[in-house]
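Consider the single chain below, provided in structure tokens and representing the form predicted alone.
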């Protein structure tokens, strides 16, 4: 059991146990000792559902990363390849299998596709002459992976590009499949709301899948009241802005991968007297970040400016607790103190880690360049000077700042102006290509196709209407004790979360005009429940809404939704699902064409 998955209204351990059971069943099919050959991308997501101890119990003795040529030597009966259905991986697998055939005792080969089997991949293995070598060829439907008590992700890195650039609906099908799995475990979701083209398609797929399974009536009492499907392209603005929550900034600066972050080790070296600073560790410090850690759960969603005071209060509480040992006189008191010691030491270690992380972040956020960039972002989001060439962006290009930083700012300006005037757009494109190289012309084309960097058509900027109607810009933000979701960006309220907030109360009818401006259809579907399963809500009981971001979600949006869940009179608690946890840099990077 993972305790941090069961603290909310929805116990996500149920989902974790279901996927673990499926994995155990597959491993038991391959009788005897085993070696697993991993597609490297899958090791992170798998680590969240099954530690090595679980694999060991099922006779897994060795684990390797999938690489070309020969497999490392292993004295095992079974070799299991766990891979995504990618053609280039099939070529590597066939190389492994063919080189294995020529040496030593015969092995049993198996292949497990995550999350779906692929006919194309099997055909490629057949063409390469190795398909017959596999005894078991199966799929492991790891669609939604529980990251935290209110957070699920498919960790499908190409989902946004596939949906919006390549019109490939594979990840939407996986999303619909994942939602069907959730309904099988947590009951049918009575109401589905959605906004956007992809949302419409996922809802259609779910309705079709439900029709196909009419034989079995779902008799589980529904845990979720509503499902809200949201397309990422309904709100292209939010991921482009710099997140200002503690967790958001850790992700912006260091990148959080599958709930782990790697940090520079110098800040975490134990300080010894008279060491003179030699022998500093060189290995990056790797920390897991989730709500299992009490302190992190408390500060992760706060605006970074409010984190310092919490850490200093915690430090006083912990040192006071350690001082208690001087007051313990009797054996009973000493015994009680000793029993609390492990918890107190863990709290002290946690505080030391987060103080170090906060110092690392502060070094960045207090720099002049960070302030300049933030000022420009906030001017764009509040509608100042969005229609002309920005001098800060010009300087960044001239000084050859990282290309992703430049693209984020230019795209933010474009989105806040409903597209740029043709001559402004041409100027930016010319400057970028001349400075960074003409191979980036494909990247600019992708950004235009995705709607991030485009010419203004129809001559009208609709962003001010959306900003005013949805109150996306708030001038007076209380970062210490927030009263509105705009604290996560120190002034800007994420459009996606504002839509969720207004759906819950007073309903979307109040914002019909804005919904028509934003891309894609908006809709509502009802899924009838058999009598006896209809929910009678107790007075004061909150609704539970599952909100699914198709194309990615940022930690700042997650923080804003958690803020709404905790409001006294909010009336709704949110569980968040997504195709991928993203930030502006990783999102833009997924749209960049790699130069050949």
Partner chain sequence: MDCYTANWNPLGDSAFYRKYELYSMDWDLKEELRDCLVAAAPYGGPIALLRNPGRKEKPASARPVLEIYSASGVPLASLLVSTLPALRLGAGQGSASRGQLPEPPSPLQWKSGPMVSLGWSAEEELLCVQEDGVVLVYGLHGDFRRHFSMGNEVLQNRVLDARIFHTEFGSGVAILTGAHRFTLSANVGDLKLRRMPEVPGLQSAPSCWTTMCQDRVAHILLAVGPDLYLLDHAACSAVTPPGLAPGVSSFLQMAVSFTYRHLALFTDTGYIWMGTASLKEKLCEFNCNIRAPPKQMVWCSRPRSKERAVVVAWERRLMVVGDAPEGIQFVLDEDSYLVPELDGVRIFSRSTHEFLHEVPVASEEIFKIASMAPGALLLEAQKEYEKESQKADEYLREIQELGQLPQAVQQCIEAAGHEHWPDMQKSLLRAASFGKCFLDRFPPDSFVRMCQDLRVLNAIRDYHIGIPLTYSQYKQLTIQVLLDRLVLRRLYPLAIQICEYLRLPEVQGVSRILAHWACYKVQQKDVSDEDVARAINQKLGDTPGVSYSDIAARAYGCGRTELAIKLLEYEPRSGEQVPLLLKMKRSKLALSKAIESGDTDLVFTVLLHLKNELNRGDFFMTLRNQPMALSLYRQFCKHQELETLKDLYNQDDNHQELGSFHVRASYAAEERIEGRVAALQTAADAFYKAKNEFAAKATEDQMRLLRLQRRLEDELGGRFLDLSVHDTVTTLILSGQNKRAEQLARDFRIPDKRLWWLKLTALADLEDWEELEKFSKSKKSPIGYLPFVEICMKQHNKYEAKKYASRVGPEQKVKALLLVGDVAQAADVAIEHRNEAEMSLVLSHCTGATDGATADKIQRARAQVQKK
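Positions refer to the first chain, counted from 1. As the structure is a computational prediction, the values presented were derived from the model and not from experiment.
Separately, the form predicted in complex with the partner chain exists; it is not shown, and the next lines address it.
When the partner chain is considered in the predicted bound form, residue 429 lines it closely, a heavy atom lying within 4.5 Å. Looking at residue 124, you'd find a heavy atom of it within 4.5 angstroms of the partner chain in the predicted bound form.
Contact annotation: residue 211 falls within 4.5 Å of the partner chain in the predicted bound form, judged by heavy atom distances. Mapping the unseen interface onto this chain, residue 368 counts among the residues with a heavy atom inside 4.5 Å of the partner chain in the predicted bound form. Of the residues 437, 255, 521, 402, just one reaches the partner chain in the predicted bound form with a heavy atom at 4.5 Å or closer; this is 437. In terms of contact with the partner chain in the predicted bound form, the residue from 294, 266, 513, 394 that brings a heavy atom within 4.5 Å is 394. Only one segment in the set 521-529, 110-118, 141-149, 495-503 has residues whose heavy atoms sit within 4.5 Å of the partner chain in the predicted bound form; it is 110-118. Using a 4.5 Å heavy atom cutoff, none of 39, 74 and 155 lies near the partner chain in the predicted bound form.
Interface residues of 168-206, taken as those with a heavy atom within 4.5 Å of the partner chain in the predicted bound form (partner not displayed): 168, 169, 170, 173, 205, in sequence order.
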